[in-house]
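Following this are structure 1 and structure 2, which are two forms of one protein chain, each written alone as structure tokens.
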Structure 1
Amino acid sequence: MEILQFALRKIIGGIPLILGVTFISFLLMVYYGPDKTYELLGKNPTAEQIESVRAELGYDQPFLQRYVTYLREIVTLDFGNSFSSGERVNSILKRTMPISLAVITPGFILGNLLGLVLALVAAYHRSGWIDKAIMGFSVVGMSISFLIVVIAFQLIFCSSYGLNWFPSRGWDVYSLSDYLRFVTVPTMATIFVALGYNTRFYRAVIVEEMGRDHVRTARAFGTPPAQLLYRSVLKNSLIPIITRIMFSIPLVVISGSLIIETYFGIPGVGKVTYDAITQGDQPILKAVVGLTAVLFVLTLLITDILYRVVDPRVSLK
């Protein structure tokens, strides 16, 4: 009951956040975003045709009226049709979001898990050669552009110049083996880059925890390293770890990964979102921004509940 009440309070409290985010982003879209009119015109347009296209796009309506329409679209989850392709936005998101999720999830999970493990090992051997080696690897991962990593992995694993083990592009997924074939290289590239950031962040959190009195005491009592790291360090470091993981989720779900999708020819939501931004496809942008805001509110709620789960001292009031 306490959790239910807390959830309701949080959701109601999230409404101003959604209104704020959607208002500011819609303002930017309308006044600073690309004008789609001139991409939809023919080669030799007349002034009347320009006005006609503007009217079809709804550009001639007052801002507030358009914003109210937008809010209604969020409530009804009906964002109309894409300005570019004419396809219903809901159909586009329904088709592309699961694909992005399937592409990004393995890299996201493995990147965080491996990052945690490496961070624990590095923190335990703080200032030793193992720590330096792991941190050195992390800096390399962080320093190389994602684009270069993707191209290099593609050449190494997917091209006739390299091992040629995996497809270089596409998403013909009909079975588990297809899935593994298409997702392996994008996952490896994602992990390679994410691992550096994750390891450094988690190591900083864990090092701080390892300096606490209770850890020193446990060490003095001769607690084995694995038990010490798991029981005394990791469990007590979970709050910042959960925060980092949870707040990455909305971006993973909605934005996908543009570079991965573009270079591997994966028809996910990342490419759709990027195209919508650069082409001023407002119906898609409105959907992505609105859904991201809603997802953030839900993430905030779940994060707070998880805090309570891992640390009963945290109050939901």
Structure 2
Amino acid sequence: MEILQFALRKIIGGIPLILGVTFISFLLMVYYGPDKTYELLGKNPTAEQIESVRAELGYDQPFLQRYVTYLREIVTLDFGNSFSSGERVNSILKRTMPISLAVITPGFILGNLLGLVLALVAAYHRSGWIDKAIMGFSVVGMSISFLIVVIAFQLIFCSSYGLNWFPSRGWDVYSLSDYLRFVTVPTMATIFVALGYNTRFYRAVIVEEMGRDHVRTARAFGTPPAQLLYRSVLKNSLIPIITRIMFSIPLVVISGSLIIETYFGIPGVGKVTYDAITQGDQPILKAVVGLTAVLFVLTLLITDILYRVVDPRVSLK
């Protein structure tokens, strides 16, 4: 009951955030986005045709009325039809979201797990050559643009100029072996970039925890490294680690999938979003922005509940 009450309060508290994000994004789409009227009509349309298309697209309605309609679409999860293809937006998202999750999830999980392992090793050997080597690798990963990494990995592993082991574009997945062939290079690129940021952040958190009195005492009494790092350090560092992981989920889902799917030609949400931006497909953009805002609020809720799970001292009030 306590968790349900807390969840309800958190959701209600997240409504202003959703309203703020959706209002600003909708304002930008309405006043700075492309007008699809003349694209749909072609050359030399009549005044009656222009008026009819603008009414069909909802352009003739007042701004606040259109915004309220947008909020209703978010609540009902009914975003209408795509301007470009005419397909239901819900059908597009239902088809593309599983693909995006399949592409992003392996790199996201492995990037965080490997980052934690490297951070633990670096923190345990603080100021030693192992620590310096891991931090040097992290700096390299952070310094290179994600797009450059994607291009480099594609050239190395997918082209005739390199090893040519994996497909360079597409998503013809019908079996586990097909999935592994198409997801390997995007996953490696994601891990390479994520490791830099994750390792440096996790190391800073772990180094701070290793300076606590109970950790120094356990180390002085000869506690084995694995037991020391797991019981005395990692468990007490979980709150900032959980915060880092959870708050990166909305960012990874949108920006990460957009770059990878666009460059590799993978038909996921990121590719659909990129096409919607270039084509001015407002129904798809409204759906992606609105659902991302909702995802962020849900992330806040789950994060606070996880705080209580890993540390009973945390209150849900």
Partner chain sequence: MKLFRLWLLLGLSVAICACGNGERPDTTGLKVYKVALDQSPTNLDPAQGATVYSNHLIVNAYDTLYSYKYLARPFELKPRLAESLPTVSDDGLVYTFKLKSGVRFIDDPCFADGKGREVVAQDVIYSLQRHFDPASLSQGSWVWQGRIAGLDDWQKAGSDYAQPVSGLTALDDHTLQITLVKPYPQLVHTLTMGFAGVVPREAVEKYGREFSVRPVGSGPFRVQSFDTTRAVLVRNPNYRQEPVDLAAEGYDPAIHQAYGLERIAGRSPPFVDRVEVNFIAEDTARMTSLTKGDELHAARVPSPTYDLYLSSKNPITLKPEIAAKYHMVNWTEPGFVFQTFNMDDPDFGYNDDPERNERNHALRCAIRKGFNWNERNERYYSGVGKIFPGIITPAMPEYDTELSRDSVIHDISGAKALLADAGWTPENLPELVYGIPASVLQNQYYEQFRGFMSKIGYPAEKIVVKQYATFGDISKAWKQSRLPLINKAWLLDYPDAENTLQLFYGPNRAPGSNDGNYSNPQYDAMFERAAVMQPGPERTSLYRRMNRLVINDCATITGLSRAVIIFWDKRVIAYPDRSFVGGFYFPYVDIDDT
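Think of the rigid core as the biggest set of C-alphas that the two forms share within 1.5 Å after superposition. Just so you know, these numbers come straight off a predicted model, no measurement behind them. All residue numbers here follow the sequence of structure 1, with the first residue given the number 1.
**OP:** Report the structure number, 1 or 2, for the form predicted on its own.
**Re:** The form predicted on its own is shown as structure 2.
Original post:
Has the Cα of residue 278 moved 2 Å or more between structures 1 and 2, judged after a core fit?
Top reply: Yes: residue 278 shifts by at least 2 Å between structures 1 and 2.
Subject >> residue 66 C-alpha relocation of at least 2 Å between structures 1 and 2, rigid core basis >> reply: No.
**OP:** Give the C-alpha shift of residue 49 between structures 1 and 2, in Å, after superposing the two forms on their rigid core.
**Re:** Its C-alpha moves by 5.2 Å once the cores are overlaid.
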